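Considered here are two forms of the same protein chain, supplied as structure tokens in two stand-alone entries, structure 1 and structure 2.
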Structure 1
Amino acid sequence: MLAILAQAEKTFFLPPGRSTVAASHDGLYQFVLWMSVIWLILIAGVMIYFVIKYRRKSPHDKPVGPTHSTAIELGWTLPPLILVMIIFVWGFRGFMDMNQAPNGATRNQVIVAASKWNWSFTYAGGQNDGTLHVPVNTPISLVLTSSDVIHSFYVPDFRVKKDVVPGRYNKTWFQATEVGEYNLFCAEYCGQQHSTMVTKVVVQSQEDYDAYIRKLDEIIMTMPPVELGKRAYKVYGCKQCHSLDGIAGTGPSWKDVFGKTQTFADGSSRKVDENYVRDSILNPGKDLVAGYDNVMPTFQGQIKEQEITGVIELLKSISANYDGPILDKAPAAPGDEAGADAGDTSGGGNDETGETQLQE
């Protein structure tokens, strides 16, 4: 009976564990859970038994009972003391496993950049995406960094959580044990769209993962610039502040901005051209458009040259102030196949990376 309950309860309370640390965590969880159930039944049972047994028979009752016993007091202090010490040691050891990445994890290091309200993952080869892809059965080391407020990297299926604190680098690691897609949440309240800061961890076989990384490499080389710009718009979280439809957000909308003359906070002005766009991405505080706060982080080193070009072409393509040519062909795509291939990748990538579909 208990065994059946224990089985059912395995997924009733916790989601199935899909990482190497899950077993130890879940073991302790079960232990504390059943210990709690036993204590609760014991305490509530004694309480109800006393209520029935010693219920008041008459308002004239004047009962006398024992009032103190140091032996009993010390006696019942002992079991909880022993129990909590066991739990402490167990929990501490589990924590050290969660905390200390095994040797070799840094070979698969991913830099996790959190910003309001976007996750961005940079792989060891410099590729960048909005979902986290990892090979199965491989320890992955994560370096967490935030460009604005505190976020928290949380994957319930892996039993992993670590705060992403601006101004310092937190680290964590995990080793996924099952191929599949798992939820990745921001667990620390980070403002307006906190609840949409959800994406996926995609655990793949090593071959699929390698293919994925190759495709990320190819995207830059093969995707038409405007498409690449659209992809960057999502991956780097530009969409959180800049709209494409002319409605001002935290930052100016991108519509019709290319070719327009912007007035800056210090009164000067400049026509938006390629160099201005580039400056704005790499050094956003330099020419701040009047009426907006200086809140944008720099993307220096994070964004690649091809992607900057992509963003510029995207801006051109949606601007009425620009009537020149637009690069919409893949730069290194003489063959149709390569182009088509890249298009597929981008499509898939966009769906995964971009929006988090909470309600499908």
Structure 2
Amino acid sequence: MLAILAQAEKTFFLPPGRSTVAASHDGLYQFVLWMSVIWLILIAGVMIYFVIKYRRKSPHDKPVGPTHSTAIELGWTLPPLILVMIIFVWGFRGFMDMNQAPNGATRNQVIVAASKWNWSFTYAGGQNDGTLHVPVNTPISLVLTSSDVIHSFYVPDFRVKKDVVPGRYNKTWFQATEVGEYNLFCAEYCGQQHSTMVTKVVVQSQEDYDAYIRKLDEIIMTMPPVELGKRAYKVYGCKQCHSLDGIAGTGPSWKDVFGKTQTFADGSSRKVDENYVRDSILNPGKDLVAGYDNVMPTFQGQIKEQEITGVIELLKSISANYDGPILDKAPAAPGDEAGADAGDTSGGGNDETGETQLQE
């Protein structure tokens, strides 16, 4: 039994553990599993033996009435009690380890924002991405929040699972022990496209992680607006509800929408322009398009102004209803006078190549 418990890599029904808490979790799991198997065999074996040995051999057999046995009662009471207490203490220690982040974890804090049906990760420097990157052998503190319904942050390889609840902040942590890519799921049914709410945790060396953070810093300042819009389309989960090919989903398609006049649920209408797109991102319930439910979360405080500009330019580039100029340089940040004239133009029209690449 001890030899089995010591081999954390050889777990039944579980992927190999890749975090510091995995060994304790897997050890308890193996203990409960094998105790259940042993007791099942023992109890079932005794039952079968008694059925055969004490079966009624003729209609005239009269069974002897049961008698009291203190030894037997203690035998079936004390061992299970001891096992249950072992499981409780073992599990409680593991629970405390999983819920009490070690010193230094807050220096590597990541804000995890869940929404239907997307994960978004914001790092200490304000950088944002749709995949979670962390340095190896470093405790990572996670602050979890949801903008709509209950989700659940679940990384099987790390044995980490925590509910993400709207209207409050939950916290958890982990320390990955091996470089690699690991699946991150939502483990709480959250609506129509729950099964698509999947991303990756990328565990890197400290040097690679630092380079990744520097790259995120450079993206918004250097990426052309349409490309920045494509990135936002993926990072913020827009693709879960809005297609780029004209097919309506949970939300209206972005194809040919810029310059179009939208009719809203209250009977009013409005032309899709820059202000309309910005309002739809920051206050999605303000103008609800007829035929669609108000399920989109607000991205107020999450998306940067340059990224909103990128989304606007992306919409322009795939709309046949727009024939004006499209920015071909990175948009200036608010208050950045040096970049105020960065919005040179490169013509309008429909960027079908960019659309196809993004969908792929």
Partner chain sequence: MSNEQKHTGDTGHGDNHHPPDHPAHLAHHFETPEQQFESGKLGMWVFLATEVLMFGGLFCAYAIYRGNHQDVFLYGYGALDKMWGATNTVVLLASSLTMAWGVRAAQKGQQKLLLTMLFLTFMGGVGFMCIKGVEYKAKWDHNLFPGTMNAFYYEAGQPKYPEKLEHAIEFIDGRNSGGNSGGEVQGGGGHGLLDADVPYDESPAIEHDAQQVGHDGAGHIVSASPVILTASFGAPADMSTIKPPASPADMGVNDAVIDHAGVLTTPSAEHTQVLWRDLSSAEQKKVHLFFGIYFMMTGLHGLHVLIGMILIAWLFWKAKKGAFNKDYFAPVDIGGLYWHLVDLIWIFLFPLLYLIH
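Please note that residue numbering is based on structure 1, beginning with 1 at the start of its sequence. Computed from a predicted structure; not experimentally measured. The term rigid core refers to the most C-alpha atoms you can superpose between the two forms while keeping them within 1.5 Å.
Visitor: Which of the two shown corresponds to the form predicted in complex with its partner chain?
Guide: Here the form predicted in complex with its partner chain corresponds to structure 1.
Visitor: Rigid core superposed, CA of Y276 - does it shift 2 Å or more between structure 1 and structure 2?
Guide: Passes the 2 Å threshold, so yes.
Visitor: Would H194 count as moving between structure 1 and structure 2, using a Cα shift of 2 angstroms or more after superposing the core as the test?
Guide: No.
Visitor: Superposing on the rigid core, does the Cα of K161 end up 2 Å or more away between structure 1 and structure 2?
Guide: It does not, since the K161 C-alpha is displaced less than 2 Å between structure 1 and structure 2 after the core fit.
Visitor: By how many angstrom is the CA atom of S58 displaced between structure 1 and structure 2 after fitting on the core?
Guide: Residue shift at the C-alpha: 3.6 Å.
Visitor: May I ask for the C-alpha shift of G285 between structure 1 and structure 2, in Å, based on superposition of the rigid core?
Guide: That residue's C-alpha sits 4.3 Å away in the other form.
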